[in-house]
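One chain follows as structure tokens, the form predicted alone.
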């Protein structure tokens, strides 16, 4: 996922500020973005320069000015064109699997400690993703089809973490039985 298209997607729902976008990304199971605010703001500048969004500065009495971004007709066309590009397979990179592959240097207790730490990290992430989905704050609900798609994407992420949790538990059990 490129952040620019995710931003265009959010803006296709409603005009938003950079802060609003960061909040939506952090609350979304479906479109989680681990990047920092600078990436979001840089993408907004790029989208504005490409005339894919407009920007209006709103002055507030009780706080700093806000820059509100709205998708343009060209932005909607770009989002549509991108949505029609051939689907890409997910890029699965699990740094822990690479680390785990080279644990022959560890004794049994050290290896189990590593696996236990990973299990706990996955368990916490799994619970967090389930909680985020139960709150359902970032899911657009413009149409029944869109809501169904977003809920199924979230369910896929929940199943991924659930599977990873089952995998690490089974690996720990198999190693203990050796």
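Quick caveat: nothing in here was measured; it's all calculated off a predicted structure. Residue numbers count along the first chain shown, from 1.
One more form of this protein exists, namely the form predicted in complex with a further copy of the same chain; it is left out here, but the text below deals with it.
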### Query
Wondering, does residue 46 line up within 4.5 Å of a further copy of the same chain in the predicted bound form on heavy atoms?
no
### Message
Residue-level question: is residue 141 within 4.5 Å of a further copy of the same chain in the predicted bound form, judged on heavy atoms?
### Response
no
### Query
For residue 127, is any heavy atom within 4.5 Å of a further copy of the same chain in the predicted bound form, or not?
no
### Query
Is residue 56 close to a further copy of the same chain in the predicted bound form, meaning a heavy atom pair under 4.5 Å apart or at it?
no
## Note on the structure
Picking from 26, 114, 37, 51, the single residue whose non-hydrogen atoms come within 4.5 angstroms of a further copy of the same chain in the predicted bound form is 114
## Note on the structure
In sequence order, the residues of 92 to 122 that place a heavy atom within 4.5 Å of a further copy of the same chain in the predicted bound form are 92, 93, 94, 95, 96, 97, 98, 99, 100, 101, 102, 103, 104, 105, 106, 107, 108, 110, 111, 114, 117, 118, 121, 122
